[in-house]
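As structure tokens, one chain now follows by itself in the form predicted alone.
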């Protein structure tokens, strides 16, 4: 199964991508993680993306597409994968179609729908573990510099692009660009919309049911109580 996760920043794309990837035993990656990995390694693409990320601005399509294309080509195409936060523009969606032409195409685009207000609140209070990347909220009393409760030695931090001023710009960019991608997949009849305001388990359950239905219809696979 080749899947993409769409939604506003803070919609829960990363959380659901990890949960579904574990269930299906397939790899997953987010465009944001690739940006940060390239930035840390000081690669050509990382340097190109760095200034845009710090401003919360949109990283140009050509840079993003090159990163995703490298990652897709490094995977075992027979297993499938989940892309989190890509594509974000029509240009990226068309480039992904080309990338997947030898991998069976895209099976489903999953859109986690939340309001702009909820997205802003979630993102501006979100902090992460520096090691496992588990999310926490400043509203729960944690603060930057605290140790992660997983015991992995990580500390809590807030990404530069999750700061309030950057969040506002990220959401503006999303509203302008990515809704077109949602419509792109809707017209191709491979879009699944899930309300992100329900619980994490409920979102996961809806996505799993959609995947099972698609697998049974398209491939004759019945996972039962997956």
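Residue numbers count along the first chain shown, from 1. The shown structure was predicted, so the numbers you read here are calculated from the model rather than taken from an experiment.
The form predicted in complex with a small molecule is left out here; the points below concern that form.
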*According to a 4.5 angstroms non-hydrogen atom cut-off, is residue 59 in contact with the small molecule in the predicted complex?*
yes
_Taking any heavy atom pair closer than or equal to 4.5 Å as contact, tell me whether residue 111 reaches the small molecule in the predicted complex._
no
*Evaluate residue 170 for contact with the small molecule in the predicted complex, applying a 4.5 angstroms cut-off between non-hydrogen atoms, and reply yes or no.*
yes
*asked:* Please determine whether residue 52 contacts the small molecule in the predicted complex, using a 4.5 Å cut-off between heavy atoms.
replied: yes
*Given the small molecule in the predicted complex, answer whether the residues 10, 32 and 126 all have a heavy atom inside 4.5 Å of it.*
yes
_Candidate stretches 196-204, 180-188, 158-166, 38-46, one within 4.5 Å of the small molecule in the predicted complex by heavy atom_ = 158-166
